[in-house]
Every structure is written in structure tokens, then in C-alpha cells.
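Only one chain comes next, encoded as C-alpha cells, the form predicted alone.
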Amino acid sequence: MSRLTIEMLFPEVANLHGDNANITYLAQCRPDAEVVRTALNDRPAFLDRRVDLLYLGPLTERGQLKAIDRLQPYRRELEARFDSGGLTLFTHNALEVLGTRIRNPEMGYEAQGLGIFELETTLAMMGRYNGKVMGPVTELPDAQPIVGYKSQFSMVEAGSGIDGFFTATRGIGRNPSSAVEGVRRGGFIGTSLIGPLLVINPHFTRALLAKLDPDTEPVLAHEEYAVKAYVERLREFRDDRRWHDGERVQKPIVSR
């Protein structure tokens, strides 16, 4: 098996919701992989060497501002990576740092993002959304949809023509009036889901491993248990009794 390199950006601040277990699980699937943990004051490894997967996890509000500041000098390199197909995964609110603006009226600030995507984020500290989300992705048959959770007080509005990670068949997308969830562009996937995504979606993880190393048959760590847990979770997600009105798109689905 060829050696994989996975870079985690800013794990000292991007570490909420247990989502860094995404990388722990990938490393268990590929114990030969090198995991590079890039601190806030380090130069990102992807600038100088091959990095097979670049990852940024959930941040505090202050952490978002620090991430924007640290990544601003490398905005063009990030965008070039996405467009060249370099695999990159940003989970939960990490996606928001790539947008044009993050507004927090309650805390009295408005920050410019990296501007790679036409996304505007508004934080409402007392307006937290908690719910489930499910939807098909292009990597997998419809019988194996993505399942996951949202717990957030930031909502994203997107400009036209920005592809989503997927369109939710249950739950909400970027905001309560859209079923379009996350962002795709080239090798980039950004999603607001927590879970952690790769732990609770083993079929998607297998597909991601196959993309990372097309010459190696992907092997899932703890495959029997991961798949059984997914099957049970999917059964629950398909049960209408498990959903409440707040987990549904509240307005007709629009492009935003």
C-alpha cells in the first residue's frame, strides 16, 4: 500500500463535537498513513509537499477568526488545490471560513472570510438548530445515503451556482429554508454535519479511501461494527416517528 499523508489544520482550536475522530478513524483504516497536525503558527504542509487529504474540523467563534487570519496568505493555494482535485474535507462550521462574511450581531462583529465561496454566515446564539439530516451522495447508491446530525447556531446563505455536498431528503440543508447541504467544488467537500461523518458513514469512508488511493483496496477498521451501526441508524432515520417538524425545510426549496 502506498503511504498516505493526511493533514489536520489547527487541531488546537478545531476540535469540537468529537469530529477529529474522522481523522482517528481514517488512520485506523490506514495505519500506514502519516498524519500531520499543523498548529496555528505552523506553515501548512500542503503548500510544500503532497498531502492526500486536507482536513479542518469545527471551530469556536474565535477559532474561526484565527483560522481566517492564518489561511488568508494561502487563499490562492487553497483554491488551486480544490480546483485541481486535491481532496479536502471541512466539517461543521469550518466551511464558513471559506465564505465572504461571518456576521454575529449578538456579539457585535462582522468578519470577512477567505472569499473562496459566495457564502454568508449569520450567527444567532439563541437560535440553535438541533436535528438529523439524510441524503444521497454521488459516490454511493441511493440505498446508502449519508446520515448525520446538526447542532449549530450559524446559518449559511449561498450564492447561485454553488453545488452542494448533497440534497437532503430528510432534515435541512445550509439553512432551514434549503435542502441543499454543504458545498462541493473539485476535490473539496464542506459539510455542516457532525457525527463524526466518517465514523457513522462507513460506505462513504470506503469511497473516500478509494479516491485517496485508487491502487489499494480500501479496508475499514472495525468494519462489522461500523456497518451494523450504520444499518441501525439508517433504519431509525427512515422511521417517520423519529422526526419532528423542526427538522424539515420550512419553506419551498430554493437555490439558496
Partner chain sequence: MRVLLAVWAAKLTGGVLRALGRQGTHVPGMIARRIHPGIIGAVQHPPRVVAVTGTNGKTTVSNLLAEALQGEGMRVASNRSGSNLAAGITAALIAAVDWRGRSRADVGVFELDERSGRLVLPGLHPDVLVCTNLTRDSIKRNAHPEYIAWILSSELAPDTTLVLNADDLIASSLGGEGNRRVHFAVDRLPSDTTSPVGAALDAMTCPDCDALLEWDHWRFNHIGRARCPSCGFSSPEPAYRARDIDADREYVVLDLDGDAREARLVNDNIVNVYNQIAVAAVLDVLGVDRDRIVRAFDTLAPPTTRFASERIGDALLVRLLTKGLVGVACSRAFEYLRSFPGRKAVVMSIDEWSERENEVENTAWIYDADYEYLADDTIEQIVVGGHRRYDQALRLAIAGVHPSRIVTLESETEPAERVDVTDADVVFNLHSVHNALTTGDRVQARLRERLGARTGERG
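Residue numbers count along the first chain shown, from 1. These numbers come from a predicted model, not from an experiment.
In what follows, reference is made to the form predicted in complex with its partner chain, a form of this protein that is not presented.
When contacts are judged by a 4.5 Å heavy atom cut-off, His222 counts as touching its partner chain in the predicted complex. Taking non-hydrogen atoms only, Ser151 approaches its partner chain to within 4.5 angstroms in the predicted complex. In the predicted complex, its partner chain sits within 4.5 Å of a heavy atom of Leu40. Contact between Arg62 and its partner chain in the predicted complex is found at the 4.5 Å heavy atom cutoff. Just one of Glu110, Glu77, Asp142, Glu106 comes within 4.5 Å of its partner chain in the predicted complex, counting any heavy atom, and that one is Glu106. Interface residue among Ile194, Ile68, Ala33, Leu54 relative to its partner chain in the predicted complex, by the heavy atom within 4.5 Å criterion: Ile194. For its partner chain in the predicted complex, the listed stretch (119-127, 79-87, 156-164, 134-142) containing residues with heavy atoms inside 4.5 Å is 119-127.
Taken together, Ile6, Val180 and Ile189 are entirely out of contact with its partner chain in the predicted complex: none brings a heavy atom within 4.5 Å. Along 165-187, no residue reaches a heavy atom to within 4.5 Å of its partner chain in the predicted complex.
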